[in-house]
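A lone chain, given as structure tokens: the form predicted alone.
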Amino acid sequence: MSTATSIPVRSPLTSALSGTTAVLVGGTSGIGLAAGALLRSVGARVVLVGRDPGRLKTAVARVSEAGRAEDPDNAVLGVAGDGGDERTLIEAFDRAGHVDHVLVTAGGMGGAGLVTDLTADEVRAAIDARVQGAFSAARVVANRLPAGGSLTLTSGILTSRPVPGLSALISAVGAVETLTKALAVELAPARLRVNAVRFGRIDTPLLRSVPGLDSDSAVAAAGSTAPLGRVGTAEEAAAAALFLMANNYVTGQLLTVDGGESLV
């Protein structure tokens, strides 16, 4: 990890992301996929990392459509593999040749269940999926990103509004929030930034995998009790990640995108 004299100064507008390259871990669906499309729309190169080769191929095609006709053929790349494995991330960096930003949205809903019902293996898997994945990204980022580069992690408002049956998941997500601040301090000498987005209920395949939320009417009913009267879109959530990538004077922060749900 090299040390730079000062953080580069550049426009904080997302249009300044044009020409940069972002690696999106968990970029084949939901918020990660939406972030890829938004990044392409402003002229950034995108590397999607996902486990399922079929979904990855579909995601690459969808993100490519958000670009411009004159874009080069390698404007969107796909790397199949476990985004929590450093070897997969290193492959993504090598394929890209140069990377400026990394967004980690992978994690899932593993570890659901009452604490008395969970096995030690289930707890360990829930923590590994979130915390170890964040550590893996941080280790690769620390050695490979240039000054001004960023790592953006993700969490959720359940860390401040816990519900029964998700103690393992909430603990893992809370650890990611703490890790965000620790990494921001540790990587600051290299002028690398680390932030996290704390999401509320966002209309994604992950949300619709929750029992009782698998239809438009159910999602609409769930969102009707929120201050803004609905759940968020994947694009609204992803836009927060682009803001954190673009603004070179933000680090160690938890940016909440929840439609005001954490206020009530």
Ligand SMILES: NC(=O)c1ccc[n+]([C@@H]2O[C@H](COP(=O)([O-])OP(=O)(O)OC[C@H]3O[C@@H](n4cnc5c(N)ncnc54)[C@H](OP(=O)(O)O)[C@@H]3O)[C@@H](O)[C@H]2O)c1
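Counting begins at 1, following the sequence as shown. Since this is a predicted model, take the numbers as computed values, not measurements.
Just so it is clear, the following notes concern the form predicted in complex with the named molecule, a form of the same protein that is not shown.
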Check whether residue 106 has any heavy atom within 4.5 Å of a heavy atom of the named molecule in the model of the complex, and answer yes or no.
yes
I'd like to know whether residue 202 contacts the named molecule in the model of the complex, with contact meaning heavy atoms within 4.5 angstroms.
yes
Taking the named molecule as it sits in the model of the complex, is residue 206 near enough to touch it, meaning that at least one heavy atom pair lies within 4.5 angstroms?
yes
Residue 177 versus the named molecule, in the model of the complex: is there a non-hydrogen atom within 4.5 Å?
no
Out of 149, 111, 78, 83, which one falls within 4.5 Å of the named molecule in the model of the complex, going by heavy atoms?
83
If contact means any heavy atom within 4.5 Å, which of 115-123, 153-161, 134-142, 93-101 contacts the named molecule in the model of the complex?
153-161
Determine the residues of 9-28 with a heavy atom within 4.5 Å of the named molecule in the model of the complex and present them in sequence order; the list may be empty.
25, 26, 28
